[in-house]
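We begin with a single chain expressed as structure tokens, specifically the form predicted alone.
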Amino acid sequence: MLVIRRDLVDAMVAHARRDHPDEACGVIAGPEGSDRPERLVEMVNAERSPTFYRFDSMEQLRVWRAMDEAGEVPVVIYHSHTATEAYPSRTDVSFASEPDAHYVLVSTRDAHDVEVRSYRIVDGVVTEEPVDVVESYMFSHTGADDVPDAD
């Protein structure tokens, strides 16, 4: 399951809508070993295409080096689909190279409806996972009954 803050989802959707009709792409970094997305990095779609995305290789190298230096990993790799549902294409699957990342797709095919879905892609196998959008990570893994009562 992907647990992600609402502000990060809103930022991915805003990026996707801004770059429409071309696909948008980026990464959300988080502390190594945490599986917690924290820092969104919008990246340039080197293809500038409505049907395909590719990170610019030099930009990707800079972003990945900065994550390494900060003790971060790419927790989320996201991109948009401009005319189809938010489901990985064969090309998306073939380029998925981070087995621990959540691959998030945002569909901008409908200007009034937001479609955000997350997948794990490992060795060419696509598995959709639930997305839990939270306001804060503070209590995101606890139930309401876990909040202490006021004395």
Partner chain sequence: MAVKVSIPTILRTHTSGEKSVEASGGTLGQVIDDLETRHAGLKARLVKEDALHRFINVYVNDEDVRFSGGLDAEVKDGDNVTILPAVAGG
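Predicted model, so just to flag it, every value in this text is computed and none were measured. Residue numbers count along the first chain shown, from 1.
The following text describes the form predicted together with the partner chain, which does not appear among the structures shown.
In the model of the complex, no heavy atom of A111 sits within 4.5 Å of the partner chain. By the criterion of a heavy atom within 4.5 Å, M58 is counted among the residues contacting the partner chain in the model of the complex. Although the partner is absent here, R54 lies within 4.5 Å of the partner chain in the model of the complex, judged by heavy atoms. In the model of the complex, the partner chain stays beyond 4.5 Å of every heavy atom belonging to D35. The candidate spot formed by T91, F95 and D100 lies fully in contact with the partner chain in the model of the complex, as each residue has a heavy atom within 4.5 Å of it. Taking the partner chain as it sits in the model of the complex, the stretch 8-30 comes within 4.5 angstroms of it through a non-hydrogen atom at just one residue, E23.
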